[in-house]
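Below, in structure tokens: the form predicted on its own, a single chain.
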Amino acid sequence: MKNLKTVESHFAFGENWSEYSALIDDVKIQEAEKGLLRLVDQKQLTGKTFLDIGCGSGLHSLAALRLGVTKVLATDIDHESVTTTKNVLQKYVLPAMQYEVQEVSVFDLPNKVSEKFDIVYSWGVLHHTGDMYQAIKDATQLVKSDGLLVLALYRKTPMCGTWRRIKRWYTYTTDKRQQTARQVYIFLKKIRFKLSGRDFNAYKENYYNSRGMSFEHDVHDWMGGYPYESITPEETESFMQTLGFELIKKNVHASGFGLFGSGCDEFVFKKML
């Protein structure tokens, strides 16, 4: 089996983010800003340094800069994500905004980055590293004393084992089979919406309200999100306490069976002095 801590064993997140980046506009940037402000107040961002672990398209690094952080370090293990982030930031940031983009694994960050940050942000990333708990530990080493660690992690459900196998298959299968799998997933989701009396088309049209994201790209990301781990809010909070962090905010969703997947629970932790 491949070492899951290497980029070669991962789903091609970078290709997906590269395609998505063509859709970025002012509306999506504003939604990304709202998503960040839902977790971190404006006053907690202004004048602070910001580390984005798993920057993807660079959208949320851009949002942090526009909300007043003094410096962003955007990192990703995927070369294409790094390239996409550089392109997005070059296109949208103002000359006075200070940022850097590095191709580096979270597992190497403590040895390769000497600086510590006021805010370390990793949304929907560390459960895809192949060793989520170690990844969280490594991320905590980059947080300043009294600084914040912002995490979003997949909620554990009864279907997680099944989804892990599906994701592994999807990651290594052909493009044609991936496309068929997405079509089946979306078809079944439409049936679920119809049975529950919900409007699927309205859901899809307004999907950008979810942190500026794209429905189609998120489906591809979900289906292929391998490696894959998940965790309960209680497990997350308990583990972070052992690392010297206290919970100051969380946005968690109702735990379901996980037939159509698992959403991310969001947490903001503060490093204890």
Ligand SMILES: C[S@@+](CC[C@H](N)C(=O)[O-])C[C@H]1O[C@@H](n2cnc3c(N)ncnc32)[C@H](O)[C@@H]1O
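Because the structure is predicted, anything quoted here is derived from the model rather than measured. Sequential numbering from 1, following the sequence displayed.
The same protein has a further form, the form predicted together with the named molecule, not shown here; the description that follows concerns it.
Please check if Met213 has a heavy atom lying within 4.5 Å of any heavy atom of the named molecule in the predicted complex. Judged by the heavy-atom cut-off of 4.5 Å, Met213 is in contact with the named molecule in the predicted complex.
Evaluate Val125 for contact with the named molecule in the predicted complex, applying a 4.5 angstroms cut-off between non-hydrogen atoms, and reply yes or no. Val125: contacts the named molecule in the predicted complex.
Would you classify Gly224 as touching the named molecule in the predicted complex, given a 4.5 Å non-hydrogen atom cut-off? Result no; Gly224 lies far from the named molecule in the predicted complex.
At the 4.5 Å heavy atom threshold, is Gly54 in contact with the named molecule in the predicted complex? Judged by the heavy-atom cut-off of 4.5 Å, Gly54 is in contact with the named molecule in the predicted complex.
Looking at Tyr133, Phe107, Tyr172, Tyr203, which has any heavy atom no more than 4.5 Å from the named molecule in the predicted complex? Of Tyr133, Phe107, Tyr172, Tyr203, the residue with a heavy atom within 4.5 Å of the named molecule in the predicted complex is Phe107.
Stretch in contact, per heavy atom within 4.5 angstroms of the named molecule in the predicted complex, of 87-95, 159-167, 69-77, 183-191: So the stretch in question is 69-77.
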